[in-house]
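One chain comes next, on its own, written as structure tokens: the form predicted alone.
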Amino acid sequence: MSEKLGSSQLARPGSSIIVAIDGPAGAGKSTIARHLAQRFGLLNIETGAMYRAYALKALRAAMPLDESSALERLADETTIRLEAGESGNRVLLDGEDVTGLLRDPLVTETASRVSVFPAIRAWMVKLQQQLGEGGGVVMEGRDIGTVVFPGAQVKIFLDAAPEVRGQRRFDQLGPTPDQLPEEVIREMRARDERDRNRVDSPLRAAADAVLLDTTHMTLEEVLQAAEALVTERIDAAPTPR
């Protein structure tokens, strides 16, 4: 793959803290990241949205999803850009706003499949590191605290039982005539299997991450716990002279 592997950009605030949020699908990473970004004036870099945007392009191009070389060539001509807004980020794929298309189940499934290839992950990691290198960001994904920013000041690993995560995702997507909650849970288990057992950057908690199992927690409780972790780190930081 060439050195210029596409591009991504986002404005950057003044704070230098990096908050890494990892965990499996449906654990609530996006919700927590959005909240922390608003609460502490950080920029929310949605790595999952970046993968889904690329997956959408692969689907549109009818790209074979089991051929790494073809997917690499597609990445070379792909631009992903995030634009911060009051209601969340807009995701631009080659200049097109595709934000509303990225939660389609087929796009989500495809993102899980293309992300197993080391070359695609290396491309994405480089883009994500470029976005967060100046700090002042909260970044959520599956390998942020272990690969993308192992030196992040705050590392949170969100998890929950697959049945709980599957039901949450079903509720998020809304009922459809051709999909039952059991099917969403089954797909989530399959995605967990791929994410945790892939050769490159498998899903796992960083050794110094704080585990938040949200199975029996309310959203408010999770938000408060995450806020406390960030506040503790900010309070412990040395005051600039």
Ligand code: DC
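Bear in mind that the values here come from a model prediction, so they are computed numbers and not experimental data. Counting begins at 1, following the sequence as shown.
This next part talks about the form predicted in complex with ligand DC, which is not shown.
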Check: Okay, which stretch from 159-167, 72-80, 89-97, 141-149 lines ligand DC in the predicted complex, with non-hydrogen atoms inside 4.5 Å?
Finding: 141-149
Check: Using heavy atoms and a 4.5 Å limit, would one call T47 a contact residue for ligand DC in the predicted complex?
Finding: yes
Margin query: If we define contact as a non-hydrogen atom of the residue within 4.5 angstroms of the partner, is I120 a contact of ligand DC in the predicted complex?
Written below: no
Margin query: So, R198 and ligand DC: in the predicted complex, are they within 4.5 Å at any heavy atom pair?
Written below: yes
Next item on the list: Check whether R103 has any heavy atom within 4.5 Å of a heavy atom of ligand DC in the predicted complex, and answer yes or no.
Entry: yes
Notebook entry, point to check: Can all three of R52, A111 and R191 be found with a heavy atom no more than 4.5 Å from ligand DC in the predicted complex?
Noted result: yes
